[in-house]
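Listed next as structure tokens is one chain, alone, in the form predicted alone.
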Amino acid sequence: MRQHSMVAMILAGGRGSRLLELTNKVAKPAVYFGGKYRIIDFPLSNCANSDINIVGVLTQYESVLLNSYVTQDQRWGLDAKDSGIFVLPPREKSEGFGLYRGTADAITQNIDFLDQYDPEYVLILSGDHIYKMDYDKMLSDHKKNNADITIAVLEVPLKEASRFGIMNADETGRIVEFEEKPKQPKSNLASMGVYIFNWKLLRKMLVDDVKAEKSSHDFGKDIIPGALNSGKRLFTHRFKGYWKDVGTIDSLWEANMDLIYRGSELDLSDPAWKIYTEDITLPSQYIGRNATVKNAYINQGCIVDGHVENSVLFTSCVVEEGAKVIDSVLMPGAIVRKGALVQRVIVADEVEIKENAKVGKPGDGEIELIHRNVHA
């Protein structure tokens, strides 16, 4: 098999417990987003658009649906010769289950997968972020800086920097210090969890990490600090654009809302950078004679006879006459019956809001997830 310049490895084994019942049966990267997509579509589409042909998806928690979904690699144009998406479950067993002990261990358990392609570079990605990014530009920076490791960073408000891993860099972009969620951050350059490593260096570091008894086998806690301490050349790649970690109900709702507000950098209709997903065969949406729709994102198969405002409706949703859906997200197959009021919530897939029921409330409080049928 020919050598590939860069192979991508997507860390997609997270449980996503802060997404509550949405991840009871599916892994976080398989959660629905944006009307017809799943979260994993974004890193996979980024790889396809960046001409990365070999992608390993490292799965673990509730992975059956995710595994079958990503192996349909023609969805992302990665089914040609010398291309492909490969599901990589854990090899090591604990109490009968396969486990990755940390983000670095996930790569360590798949060293043989990377060895067969003998890449010059390895791109490590999180599988649960919403963003569009050209990894080829990042690789160009990596080569230009003669870097050992390049880390994508995003400028965040300084008051929020303590929530992230923060990279302190000099004027050339070389990283001089890494702080994990510092109480008093020295800079606002937050790690996006996107790394490019020279493969030979990464392989050696992973092998050494296995022997370190006190290691957490984690990139942020062990590999990157270790590389810095040993004098390796670490550089930042500054990303400008939309990026969001949709790890909570509130942040998932916010990212969906970003789709319907003009001025948002999250444009899923951009022909220059397509986000690919499964091809769903459904009829067009139907907007009834008495319906009112204002500033909404409505997908195929939906039937709207009521009032929809500032909302995102996924495929095959129903809003009956007299029902109101305001500032909300309806996931696939959700039904809002006559006279019901839905406001500032996420309604999970296939959930039914019965006649005259009311869920959610206006204001700026936390977003509620409606995961069971609701009666008046």
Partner chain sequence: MCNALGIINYDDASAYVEGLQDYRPMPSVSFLGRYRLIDFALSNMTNSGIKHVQVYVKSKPRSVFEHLGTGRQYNINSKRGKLHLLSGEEPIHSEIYNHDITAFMQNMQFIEEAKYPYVVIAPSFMVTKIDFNDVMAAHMESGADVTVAYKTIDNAKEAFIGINTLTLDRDKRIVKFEKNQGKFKNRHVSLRMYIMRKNLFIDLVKLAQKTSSMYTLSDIIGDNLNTLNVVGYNHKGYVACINNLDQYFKANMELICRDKASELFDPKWPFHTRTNDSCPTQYSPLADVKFSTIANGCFIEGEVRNSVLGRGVIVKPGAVIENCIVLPGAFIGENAKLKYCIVDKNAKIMHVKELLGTPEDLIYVKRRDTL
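Worth saying up front: this structure is predicted, and the values here are computed from it rather than measured. Positions refer to the first chain, counted from 1.
Below: the form predicted together with the partner chain, not depicted.
In terms of contact with the partner chain in the model of the complex, the residue from 36, 337, 344, 324 that brings a heavy atom within 4.5 Å is 36. Contact with the partner chain in the model of the complex, defined as a heavy atom within 4.5 Å, holds for exactly one of 111, 291, 87, 99, namely 291. Residues with any non-hydrogen atom within 4.5 angstroms of the partner chain in the model of the complex fall in just one of 147 to 155, 279 to 287, 220 to 228, 175 to 183: 279 to 287.
Using a 4.5 angstroms threshold between heavy atoms, residue 192 stays clear of the partner chain in the model of the complex.
Under a 4.5 angstroms non-hydrogen atom cutoff, the partner chain in the model of the complex lacks residue 198 among its neighbouring residues. The partner chain in the model of the complex comes within 4.5 Å of no heavy atom belonging to residue 115.
Taking non-hydrogen atoms only, residue 82 never approaches the partner chain to within 4.5 angstroms in the model of the complex. Annotated contacts: 74, 260 and 299 all touch the partner chain in the model of the complex [non-hydrogen atom within 4.5 angstroms].
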